[in-house]
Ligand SMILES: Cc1cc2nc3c(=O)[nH]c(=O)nc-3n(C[C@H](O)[C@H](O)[C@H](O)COP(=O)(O)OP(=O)(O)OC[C@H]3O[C@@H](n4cnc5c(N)ncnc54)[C@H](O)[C@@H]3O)c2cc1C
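This document opens with one chain alone, in structure tokens, the form predicted on its own.
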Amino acid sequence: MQTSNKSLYDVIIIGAGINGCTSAYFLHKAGLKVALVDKKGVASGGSGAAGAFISPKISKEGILKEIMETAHLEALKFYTEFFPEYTLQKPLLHISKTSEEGGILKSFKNETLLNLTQLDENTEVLLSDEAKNAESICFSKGAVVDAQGVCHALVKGIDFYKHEVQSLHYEENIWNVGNLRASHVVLSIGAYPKIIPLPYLTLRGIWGHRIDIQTSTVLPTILHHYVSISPTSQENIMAIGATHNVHYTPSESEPYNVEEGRRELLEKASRTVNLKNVKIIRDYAGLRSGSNDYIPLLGSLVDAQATLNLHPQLQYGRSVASSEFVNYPNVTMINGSGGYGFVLAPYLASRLRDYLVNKESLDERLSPARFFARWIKRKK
């Protein structure tokens, strides 16, 4: 990383996936001096490989359903209004894979505030019998985003540094990241190794694979079934993906088998729709991160050792209010979005902006501190 020893920023964001890029965009627009740092480049990991479908999550009543419905609407507005050249808006058809999922989908239909529509006849004739007979729901508005294109557009005009951050140093109210200095650090490093000690926080690595294909089939709707299938802004090009595998992380001894991944994606797609004259154009693959309770992370980070030193009674089963935990100063994490990174990013980043710029409180339900409290209970 080549820069002056006196490069002082308001915020340094570590990690240039969709969360990092969207955070940089909102903070930069709010007038802060922002630096974005990533060891490989913008959208070089899981975000660059994402299908980037802007779709709601079909779930039961609760925090996640509430957050996802709001995030879905905010994401649709954000991408179509500010990045229309990277956004293709289409109706969205979600088809259940199992009878259990069909039951959840039925309940969702009755409770959702999102606008629904009837299935388009031109889409229906393309569906397999299995897909036609399964429980489904059709949203009037969905979208697919050019993942790499929008990430690069988000950070246009923002200082970017290609650098692998292995540690942080805090001195005199300033964080030092290599030769960069800032009052505040935002960590959006996904499922990769943490750069400050967080023994209580484990993120699920979620491997994703997407393929772009050329096909003579014309699909007027975005489909979610066994995999996601979507038209793109390029004529005769469709995107299929991403296969999520929460038990796999590639390594030198076990590299990812691209050919096998392609076969899996095409086989699953064929269970939904008959695609004709298919030619694979390109592959994208990468690792994303999800929280263990499926709720995204946005908030301060507890310094576990400092908190235990201050409150040793925690180790003996006594409770301490989360407001009494010791946090790392001026550090915020934005992470754990799983396969909904492009849906959640505008929602999370706009609230991060409100927190840092307008001093508004963050939603405690998203706080990483919830995992510290659970970790302490397991240690008793």
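Residue indices: 1-based, along the sequence shown. Owing to the predicted nature of the structure, the values given are computational and were not obtained by experimental measurement.
The form predicted in complex with the named molecule is left out here; the points below concern that form.
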Report whether all of Leu203, Thr332 and Leu366 sit within 4.5 Å of the named molecule in the predicted complex, measuring from non-hydrogen atoms. no
Report yes if any heavy atom of Ala50 sits within 4.5 Å of a heavy atom of the named molecule in the predicted complex; otherwise report no. yes
Lys39: touches the named molecule in the predicted complex, heavy atom cutoff 4.5 angstroms: yes
Touches the named molecule in the predicted complex: Ile237 (any heavy atom, 4.5 Å): no
is_contact(His94, the named molecule) in the predicted complex, heavy atom dist at most 4.5 Å: no
Exactly one of Leu198, Leu287, Ile158, Leu275 comes within 4.5 Å of the named molecule in the predicted complex through a heavy atom, and that residue is Leu287
Taking 4.5 angstroms as the heavy atom distance cut-off, pick the stretch from 304-312, 104-112, 206-214, 132-140 that is near the named molecule in the predicted complex. 206-214
Residues in 59-74 with any heavy atom within 4.5 Å of the named molecule in the predicted complex: none
